[in-house]
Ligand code: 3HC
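The chain below stands alone, shown as structure tokens; this is the form predicted on its own.
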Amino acid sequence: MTNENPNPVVNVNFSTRSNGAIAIISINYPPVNALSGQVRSGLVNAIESLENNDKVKVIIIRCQGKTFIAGADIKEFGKPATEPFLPDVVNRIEACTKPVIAALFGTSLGGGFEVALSCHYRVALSTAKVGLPEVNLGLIPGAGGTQRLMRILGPEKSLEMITSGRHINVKSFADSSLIDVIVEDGQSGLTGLDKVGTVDKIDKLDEATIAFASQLIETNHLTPKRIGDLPVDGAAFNWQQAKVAITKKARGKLAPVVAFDVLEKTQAMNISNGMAYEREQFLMLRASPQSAALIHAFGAEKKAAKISNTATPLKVTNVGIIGGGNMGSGIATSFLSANFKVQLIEQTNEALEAGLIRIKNNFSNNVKRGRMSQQAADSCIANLSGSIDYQALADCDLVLEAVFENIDVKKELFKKLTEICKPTTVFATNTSYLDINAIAQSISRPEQLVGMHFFSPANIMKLLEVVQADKTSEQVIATAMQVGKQLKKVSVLVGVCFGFAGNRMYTRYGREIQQMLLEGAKVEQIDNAMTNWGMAMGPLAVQDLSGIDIGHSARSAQPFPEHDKGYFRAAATMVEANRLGRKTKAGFYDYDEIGKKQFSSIVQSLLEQKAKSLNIKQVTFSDEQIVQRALFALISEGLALLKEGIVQRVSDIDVIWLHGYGFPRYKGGPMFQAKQLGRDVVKQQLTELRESLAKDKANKIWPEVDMEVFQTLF
């Protein structure tokens, strides 16, 4: 091959096949060949140069590294766009008078997939995935993605891809004209839609693509096949039914609904007019609060994984898990799914057998739901062992306990482990509330102890709080964070306090919910107000689901605050009445035989009686008042966490609430909401809440606004 270099990241090579009539535009912009301004301009310049080269008959666009173009360049987020804009780039590619072939591998996402759609042919490795994930950032495709995809796949499949944002394996398109050739990865052969004659069986994507290009030349199939010239076949599609389904599934998210609107309104338009409307709606969404929140969430997750220390993590292969209950079995499932070897420990053979069955059932459910194959599940379970002898933990690299939430039990357990395990073993506690510093003080190797607080169900929930105690070594912290990454968790480093970051804020949030119940707000009104605002579940329905007695027991481990006479008295009242939630078919709601919740007049009466006994006057609440008080409780406690240094950065709080407590992602998190409201509004509303609740000594519950912390926030 010969080489030209019109751009540092976009090179042009010429294949020696077909007398050099095949030109290869090669993009090399690590790590994911994102569509930076440099890449966009390089593509346009290369296309125009090759179009004017009489020797060139076919053009190939391929990438170096590990993937085809994986989307927009995150380095350019929030910055003014520079020419050439992506719609102009894809239109220029499609308008090329010579056939352009995209060679797809890795993940071709967003703008990268739009580039592929603008090419006239697509050759892909069988492991390649494509997708339009813009909805995850509150956007829609803005460079012809809605228009070209609809023309080649039809409205139904296009809407599914665009509104879900999922990455889809190219094999799913074997019966469509989206992918022209699928190259079996690791095999010497081609499968696919051989549209222009027999394609030689070859091993590598580059060779397959060049062979395909050679055939175009040899068979004189040199007229570009432009997707943009195709009509939309949408006459038989039930647009109204699709709109209802998409709106319901969106649950307040704007982008999926706008995506539907764009496809419906542009189905009869030509590509030019359709792209103009698509771009208009894309720019509208890009300026929306939802997009700002989703982009914030995306960036916050990237930051959360970064810690200041540079210690080298210990290698972890063998993991011991003590406790095979719901939490322990869920944690074990997570480790096994990430290819760790797991030794489960229980106190009795009966408890051990029950724990092993729970783990196997988790994998069985994964297979039933299509999350993994039976072969993959069997491979994971093969790494599972069980014992009632703690000596089985002697060679473990990491031992994590998920036993009864009692500090004395945990102290004794870790004392035993320091005698059994090797000197480098990392000890982890899954406690939700207990003082890890106090546990560490009771053992001879406190530097080896770290908190790894999983959220239930541990094999499903993505959040992991890594809790750094006073003496936890940097290497152990680095190890816990690395393990979290291997588990595909969203790991956030936090410090020690009651409930750490997440549950401490949840307690503060719950306190206001409980207090409003005593002050006259109704159970259903609170839940409806919070879910209508965007929370995944109402806070009282959540308590019924998890068990009201669980939180009550944790709070009862320390004295209730004397200054707060209503502190979780609503929950305590439910426990006293043996209304523990779904498990007793009675909590804040009543539950029928199939688990459907219903209003309970008994609960309303119990709450009124408790309020009267505490001399709390009941008033009428609006939904807006409920949301404001709950949200600002979170903001207030978040500011306190920042001030005390429990979290590294303000965005970590948002990550915790997005992944641990059902906070709506399209609202960014409680601290992002504070930032959107602005310093003056936040200060004013916190002050008003503090003053209006002074009769309940709110000066201790709603502290004065700390301007120094505000600097961190804003």
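The numbering used is simple: start at 1 and walk along the sequence shown. Keep in mind that this is a model prediction, so the values were computed, not measured.
One more form of this protein should be noted, the form predicted in complex with the ligand, which is absent from this view; the next part is about it.
Colleague: Counting any heavy atom within 4.5 Å as contact, can you tell me which stretch out of 657-665, 56-64, 32-40, 642-650 lines the ligand in the model of the complex?
Modeller: Of the options, only 32-40 has residues within 4.5 Å of the partner.
Colleague: Decide yes or no: are Ala72, Leu139 and Lys302 jointly within 4.5 Å of the ligand in the model of the complex, with each residue judged by its heavy atoms?
Modeller: Yes: each residue has a heavy atom within 4.5 Å of the partner.
Colleague: Which residue among Phe500, Phe282, Phe335, Phe588 has a heavy atom within 4.5 angstroms of the ligand in the model of the complex?
Modeller: Checking each option against the ligand in the model of the complex, the one that comes within 4.5 Å is Phe282.
Colleague: Looking at Gly566, Pro446, Pro133, Gly510, which is the one with a non-hydrogen atom within 4.5 Å of the ligand in the model of the complex?
Modeller: Result of the distance check: Pro133.
Colleague: Is Thr107 part of the interface with the ligand in the model of the complex - any heavy atom within 4.5 Å?
Modeller: Close contact exists here: in the model of the complex, Thr107 approaches the ligand to within 4.5 Å, heavy atoms only.
Colleague: Hey, in the model of the complex, does Gly451 get a heavy atom within 4.5 angstroms of the ligand?
Modeller: Close contact is absent here: in the model of the complex, Gly451 is far from the ligand, nothing within 4.5 Å, heavy atoms only.
Colleague: Residue-level question: is His167 within 4.5 Å of the ligand in the model of the complex, judged on heavy atoms?
Modeller: Taking the distances in the model of the complex, the answer for His167 is yes, it comes within 4.5 Å of the ligand.
Colleague: Would you classify Lys617 as touching the ligand in the model of the complex, given a 4.5 Å non-hydrogen atom cut-off?
Modeller: Judged by the heavy-atom cut-off of 4.5 Å, Lys617 is well away from the ligand in the model of the complex.
Colleague: Does any residue in 394-419 get within 4.5 Å of the ligand in the model of the complex, counting heavy atoms only, and if so which ones?
Modeller: Heavy-atom contacts to the ligand in the model of the complex: nothing from 394-419.
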